[in-house]
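Given next, in structure tokens, is a single chain: the form predicted on its own.
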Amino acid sequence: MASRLFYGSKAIVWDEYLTGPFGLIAQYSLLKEHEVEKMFTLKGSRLPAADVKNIIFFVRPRLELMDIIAENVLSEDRRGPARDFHILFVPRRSLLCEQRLKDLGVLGSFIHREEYSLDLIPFDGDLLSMESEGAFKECYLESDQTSLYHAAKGLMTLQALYGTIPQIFGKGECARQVANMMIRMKREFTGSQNSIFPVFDNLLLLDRNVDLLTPLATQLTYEGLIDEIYGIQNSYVKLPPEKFAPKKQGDGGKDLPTEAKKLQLNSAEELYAEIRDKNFNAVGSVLSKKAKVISAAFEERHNAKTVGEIKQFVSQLPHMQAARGSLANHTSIAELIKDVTTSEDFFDKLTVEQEFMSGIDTDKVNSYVEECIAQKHPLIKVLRLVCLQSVCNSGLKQKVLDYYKREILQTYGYEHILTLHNLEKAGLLKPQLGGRNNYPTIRKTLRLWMDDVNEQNPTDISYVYSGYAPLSVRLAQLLSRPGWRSIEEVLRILPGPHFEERQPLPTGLQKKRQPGENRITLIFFLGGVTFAEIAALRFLSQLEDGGTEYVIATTKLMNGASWIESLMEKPF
């Protein structure tokens, strides 16, 4: 723990973005044990008063944050007893940032300048994320491979803990680079032989730009829709409070809470674990069944006659009350989501998305998109739809593309020309080259569109988008069975190389699989992953005859809106 470096009482000044990820690995009680007495958010001007010996800044290596730190330090020196300053860069030190602190005249004030390498953060039993918000933009727009290096380092740490992964498969340019870095790091680290029995059988590295389509579509799982509508940040969601206010008789709705309701969402909650990955249309029936079970359990108290029976009922009470609270919360969330999904506009948008994904009218200007622009709907919504159309048509005809660009710039302002340029560079919104649309070939070969989807009792991963099977997950499914040789033609159409590497294991560590024992595949999404893709992979893990269980890692948990937003240039 970094706090062991500094003796005496401490105050931590947090870069606000880091508080969420750190909250998942270190509770305040743990920090208190290490003499952390105060915590502040990094803001300009003076630091709040705190009677401590050490002040530790936890920050990302960003130049604009260095200016704020300098302001804090300079205003500090002029009053009160001297305190020791320290700075911890997450995940790496930056010479550029240290130079900026030097130029501002405060570098000498820091006794320690260290880095805290926070590579992969556990979000759930089968989910790890680096939460690197700029990874996609850095890799595909700025040719900056820093996040790939951290992905490779994170994977090396995992191998040190859980054994060498015997086989590495990959698809995409970034995947190739991460695999190369891992091989190089292993070569440079030859001194010690990893003698841990391997937990994972395979590693699959997947570039986000191999499948640009999936995040653009609206996710239709319960967790996916919560994220689409309210945004899940570091496993927490903030919801409108009025749905969660306790209803009192004759209150007439006075004094409704104004503070957003904050809930943590993960599989530790029994009900959430059961419904998070279901299609939203299948959630209502689960909730009503649960309600009957819970009320029947509470009715049991009337049947408890003996002291022993009453004791047993009382011992189950805390669990039953937690289950009732959980049911009330998820019923409220489901009602909030239903208000959105039953609206006319949601239906219209979904219809257009599904037409694009099934290959209908992708080559001409879409009237619904025109309408959205004319009515000045949120720009991110419009960009998502236009990018989806472009991806489902292997790029748009120049005439159609120019029309969309002109309409967007005239309606939303010319400062967005930089954003359109970014989307083109990322391959999301581009002209069709060579006049060929490869999407139908990809769609048919990989069975990306399924007409008869069973949302209640799914038999295929396409249930997560009510018809569309995520391309990324279909690639993982086909790799596990029958193998990628069966889809060579499609792999050549998709961007970037595909490859396989073997990592030799010392004798005695090779796995002898028992009949019926599943393989475990670690799948790493470079550039981000959506909750719908995670749901689809969990569905494959749970199949009776699937043969493979998946653990998921990524550079960032994201959805279409947060992804497009990360590629938008802020107007000056």
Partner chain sequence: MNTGQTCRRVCSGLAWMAGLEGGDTGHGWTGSGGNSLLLPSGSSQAASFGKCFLDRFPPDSFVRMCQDLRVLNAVRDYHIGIPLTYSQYKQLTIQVLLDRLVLRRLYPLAIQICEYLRLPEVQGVSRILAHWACYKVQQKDVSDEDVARAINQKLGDTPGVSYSDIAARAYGCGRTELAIKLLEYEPRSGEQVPLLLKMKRSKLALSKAIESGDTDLVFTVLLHLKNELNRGDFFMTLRNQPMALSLYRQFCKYQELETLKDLYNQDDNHQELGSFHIRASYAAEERIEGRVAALQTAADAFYKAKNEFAAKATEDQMRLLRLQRRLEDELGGRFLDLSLHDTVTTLILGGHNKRAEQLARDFRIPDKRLWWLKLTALADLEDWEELEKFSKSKKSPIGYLPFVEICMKQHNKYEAKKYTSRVGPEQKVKALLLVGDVAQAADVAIEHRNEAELSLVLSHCTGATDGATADKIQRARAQAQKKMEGLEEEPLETLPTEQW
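Numbering follows the first chain given and starts at 1. Note that the structure is a prediction, hence the values are computed from the model and not measured.
If you look for the form predicted together with the partner chain, you will not find it shown, but the lines that follow are about it.
Think of it this way: in the model of the complex, the partner chain has a heavy atom of just one of 173, 119, 407, 201 within 4.5 Å, and the residue is 407. Screening 358, 331, 266, 411 for any heavy atom within 4.5 Å of the partner chain in the model of the complex leaves a single hit, 411. Residue contact check for residue 299: none of its heavy atoms lie within 4.5 Å of the partner chain in the model of the complex.
Proximity of residue 143 to the partner chain in the model of the complex: non-hydrogen atoms within 4.5 Å are present.
Residue contact check for residue 63: one or more of its heavy atoms lie within 4.5 Å of the partner chain in the model of the complex. In the model of the complex, the partner chain sits within 4.5 Å of a heavy atom belonging to residue 418.
Across the proposed site, 285, 460 and 549 without exception lack any heavy atom within 4.5 Å of the partner chain in the model of the complex. Only one segment in the set 127-135, 366-374, 285-293, 460-468 has any non-hydrogen atom within 4.5 angstroms of the partner chain in the model of the complex, and it is 366-374. Contacts of stretch 147-163 with the partner chain in the model of the complex, defined by any heavy atom lying within 4.5 Å, are made by 149 alone.
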